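Take a look at this single chain in C-alpha cells; it is the form predicted on its own.
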C-alpha cells in the first residue's frame, strides 16, 4: 500500500444489472462523495468496467479528494464469484463468465481492489452500520427480483468452503412447487420474490380476477409490476394483490424459521425492494409465522426479525466495510 494509511477513506461500489453506485467512505462510516452511472451490460464487460472506473473517479472527485488519498476499493457484484482470485465466475444479469474484475479495476485505478457477492456485501453493511450494528450473529434476507441472503457469524461474513454461502433464495420450501429461474422447483425465490408475486398476480388477472393492477400499469405506462405498484395496489385494498402478498409473507416466514432453526442467529434482517416498498407492516405476518415454526420456543421472540435500515446505501457501505477488513 506504500504510503497509503489504513485509516484513509475507501471506495465502496454497488454494481447491479441496471446501475453502478460508488461512494467514498470514511473510517467512521460516513459517505463523503458519491457518483452513479447506468450499467448498460449489453455493451459488454470491458465497457462496464470502464464505467465502474469513471464512477469511482467521479465519486472521489465529488469528495474533493484524489485517487492517491484512497486506501482501497471493494465492489459488491451479482452472481457467484471467487473473492480470493477476484474473478466473477458467472453473472447472468450482466452476461459475464469468468471476468477477472478485481485485477482489471486494480490495474485501471492503481490500488487494491476486492470483490464479493452483492447480497453478502449488503448484509455486511447492515451488520456493521445499519439494523444489525452491535449484533455478532445475524442473517440478511433481501427480497427483490430474486431472493438473496448473507450470513454474519461472530461479526464476520461467512463465505463458506466454496465461497457461495447464503443462497437462501434456493432453499426448497415447496417440493414440486413453481419452477424457479435456477431450473429447480419450489425454491423460496420461486414462491416469494417480486418475480413470483408478479407471476401469480398476472395469472390471477388472466383468469378473470378483479384487480387494480392493470389500471395502475396503464396509468404509469409500465409493463412490469414494480414494488411501488404493488405497494399502491395493496394500500388500496386490492383483493388479488392482498391474497398473493399474504402467501408471500407465509413463505418468507417459513424461510426465516428454517434459517433460524439451522443457525440460531440473534437477528434476521429483511431488506430489498419489496420490503422497502411495502413498509414495516409487511414484516408483521412474517414474524408471526416464523415464531410459530421455531423449534426452540424458549425466548423465541428474543430473536429479532427487523427491517433493513440503510436502503440504497447498504451496498456502498458494506463494500467499504469489506474493503477495510481485507486491507487490515
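Residue numbers count along the first chain shown, from 1. Here the structure is a predicted model, which is why all the values come from computation and not from measurement.
Just so you know, the form predicted together with a further copy of the same chain exists too; it's not on screen, but the next bit is about it.
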- request: Just give me the single entry in 263, 67, 53, 32 that has a non-hydrogen atom within 4.5 angstroms of a further copy of the same chain in the model of the complex.
  value: 263
- line: The one option of 241, 192, 139, 99 with any heavy atom within 4.5 Å of a further copy of the same chain in the model of the complex is 139
task: Could you tell me which of 177-185, 196-204, 210-218, 229-237 sits within 4.5 Å of a further copy of the same chain in the model of the complex, going by non-hydrogen atoms?
output: 177-185
- prompt: Does any heavy atom of residue 106 come within 4.5 Å of a heavy atom of a further copy of the same chain in the model of the complex?
  reply: no
task: Look up in the model of the complex whether residue 222 has a non-hydrogen atom within 4.5 angstroms of a further copy of the same chain, and give yes or no.
output: no
- request: May I ask you to state whether residue 93 is within 4.5 Å of a further copy of the same chain in the model of the complex, using heavy atom distances?
  value: no
message: Whether residue 173 contacts a further copy of the same chain in the model of the complex should be assessed with a 4.5 Å heavy atom distance threshold; does it?
response: yes
task: May I ask you to list the residues of 153-175 that have any heavy atom within 4.5 angstroms of a further copy of the same chain in the model of the complex, in sequence order?
output: 153, 154, 158, 159, 160, 161, 162, 163, 164, 165, 166, 167, 168, 170, 171, 172, 173, 174, 175
